[in-house]
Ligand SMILES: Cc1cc2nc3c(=O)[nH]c(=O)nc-3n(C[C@H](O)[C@H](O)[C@H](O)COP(=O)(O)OP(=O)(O)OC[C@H]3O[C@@H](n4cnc5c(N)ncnc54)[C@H](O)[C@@H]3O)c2cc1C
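Next comes just one chain, in structure tokens: the form predicted alone.
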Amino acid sequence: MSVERYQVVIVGAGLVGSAAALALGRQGLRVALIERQPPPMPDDAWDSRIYAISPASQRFLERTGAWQRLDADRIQPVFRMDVGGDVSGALRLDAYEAGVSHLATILESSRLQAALWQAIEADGNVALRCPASIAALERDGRITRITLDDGSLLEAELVVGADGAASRIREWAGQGSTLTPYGQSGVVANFTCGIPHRGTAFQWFSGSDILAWLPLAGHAAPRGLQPAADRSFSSGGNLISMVWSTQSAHADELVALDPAALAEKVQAAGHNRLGALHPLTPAAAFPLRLIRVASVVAPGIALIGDAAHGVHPLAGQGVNLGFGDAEALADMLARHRHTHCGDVGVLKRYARQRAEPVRRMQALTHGLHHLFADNRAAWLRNAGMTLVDHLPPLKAALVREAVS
């Protein structure tokens, strides 16, 4: 039986795995990408799985050639973010005031996934093995042998686990992980709104709940209305994506509501900031948890994305951390291109480079979660927001840190 030999084999072709494959392939490395099934092609319907892509991640995706393949009519820059506390606390972050073009870009997961796959197919630098599942993994000296379910045999200097929070590669490598459930779920759904969002994202902290409205591109009429019936449909975007982090029992109640009743709940929780809301997509919920991994590397193994870490979504940085992993790993291997890709010394440099950004984001989101879950600290968090809002240099510094 013939053996296919690669420098890097990536397991998992989601957003982060696909981006890593593109970046490594463009560095001239021999790369294979294994995925169980191809993603569904996006249609005109709106995807309720939405990401806020940081400018740093956007630049990385531009270098891979994937960003340019996105439909410009389905991506929305965020120019402002209004954050509200329990009662009086308020904070506005503004890109213009901070001297940056935008804070983030909101887009649909399915469309970014399609753009990444199109770039992979167009580049021809990555051997895409899909549909394919791994039947066996065997470490032999400096090489890992991968047997696929169809009997194909691959050899890799480095295996990259990009296969999600329940990573099989992480388990096979014996890299322990600690999962801390928050007892919460994130409820997601999309809505039309009566008042244009004008590129503003909204976030409210209320007790242990965090409600976020993210602006989507374009505009649509609620069911039964024609766009011309409301001026807001022609004066700016009127689509938003909602993420409501709440106790799991409450999340189940929200998902069980009929769409119109859910829209009323979300509208009231957001203090009617964007007028009447009307459902655009069904609601769904996913559990929230913190995942810490003992080590993201081992001889011949590197973990990226959700296989390497998990964070609370309140800052919307999970996928951006993953793109940071992909970029750092590609750059590290490119700088040591004449070294064996599975060399543990090189991989430890990658791990050290990523340790601080991941640790900082996990500490921030975990700390904020507990701060806002404790009602005794309400005065502190509300006063803190108001104080920061009255310090423009500090606000600008926060924005620049977020977009870098």
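Since the model is a prediction, treat every value here as computed from it, not as a measurement. We number the residues from 1 along the sequence you see.
Form predicted in complex with the ligand: not shown, discussed below.
The contact residue chosen from R26, R69, H336, R36 relative to the ligand in the predicted bound form is R36, the criterion being a non-hydrogen atom within 4.5 angstroms.
None of A298, V126, L93, V243 but one reaches within 4.5 angstroms of the ligand in the predicted bound form through a heavy atom, and that residue is V243. Proximity to the ligand in the predicted bound form, taken as heavy atoms within 4.5 Å, picks out 285-293 from the listed stretches 170-178, 285-293, 195-203, 247-255. Taking the partner from the other structure, the ligand in the predicted bound form has no heavy atom within 4.5 Å of any heavy atom of R349.
The ligand is not shown here, but in the predicted bound form it comes within 4.5 Å of a heavy atom of V319.
Interface membership of L61, defined by any non-hydrogen atom within 4.5 Å of the ligand in the predicted bound form, is ruled out. Using a 4.5 angstroms threshold between heavy atoms, D306 counts as touching the ligand in the predicted bound form. Residues are counted as partner-facing when one of their heavy atoms sits within 4.5 Å of the ligand in the predicted bound form; in 45-62 these are R49, I50, Y51, A52, in sequence order.
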